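Encoded as structure tokens, the following chain is the form predicted alone, with no partner shown.
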């Protein structure tokens, strides 16, 4: 297994402007409704993230934010898109419930094949593509039944991973896919976020993974976005950035501190639209 960055590939991302962003309820340990939020700053940080993607040559599409859905900015939770198939989100908490249909409609209106989930799942927040395998979190939001559902839908092997620390309530807060190349998938993760059995499975599948320390994980450093070379990462995750450089990746610090008040960072704001794979020649 290689331990160097494979190189950048162009991506297609879906984002939602935080026009209505605030913290008005509490569904994870990061959220405190009594703490003031600055919507204008959240928009500014989101625009910087968008501009970085565009500057790196990626395609970015946008879904219209809906009033009354302040967490809609966390686009990664809205669906999972694998091989052009859209698996809709079905949120655990009623406050976010309408987001799933809104995202599914966006895809359906543009001709994507969509599947309405029967089981609770929170999109790419808990389902990450690592080569030919789907890494799927459970323990706080997404159910094991949803793991089985997306396995049948996509035909991909799904590896269930149990999260045990409520601060890392979605898999994408505790684990980042650095390379999704099927020939050499690479990840980074925070070991203390996982149950012993899941940690053992990760060690078996990814013996050369980057192990991220507590301070960097607490800055949501692992809520990162990689194109195979450039890794959008929280500026406070300094040791993780050094680890990335040692592996040949280029860390790109982008601050999302205001959006962190809702429990999300760069990855939470970014849903990757993965097309139908090209036929092998």
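Here the structure is a predicted model, which means the values were calculated and not measured. Numbering follows the first chain given and starts at 1.
Separately, the form predicted together with arginine exists; it is not shown, and the next lines address it.
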{"item": "Check all three, 58, 178 and 228, heavy atom within 4.5 Å of arginine in the predicted complex", "value": "no"}
{"item": "Which of 111-119, 69-77, 193-201, 131-139 sits within 4.5 Å of arginine in the predicted complex, heavy atom basis", "value": "69-77"}
{"item": "41, 63, 31, 218 - the one with a heavy atom within 4.5 Å of arginine in the predicted complex", "value": "31"}
{"item": "Heavy atom of residue 236 within 4.5 Å of arginine in the predicted complex", "value": "no"}
{"item": "Any non-hydrogen atom of residue 52 within 4.5 angstroms of arginine in the predicted complex", "value": "no"}
{"item": "Residue 173, heavy atom within 4.5 angstroms of arginine in the predicted complex", "value": "yes"}
{"item": "Residue contact check: residue 268 to arginine in the predicted complex, 4.5 Å heavy atom", "value": "yes"}
{"item": "Sequence-ordered list of residues in 258-275 near arginine in the predicted complex, where near means a heavy atom within 4.5 Å", "value": "262, 263, 264, 268"}
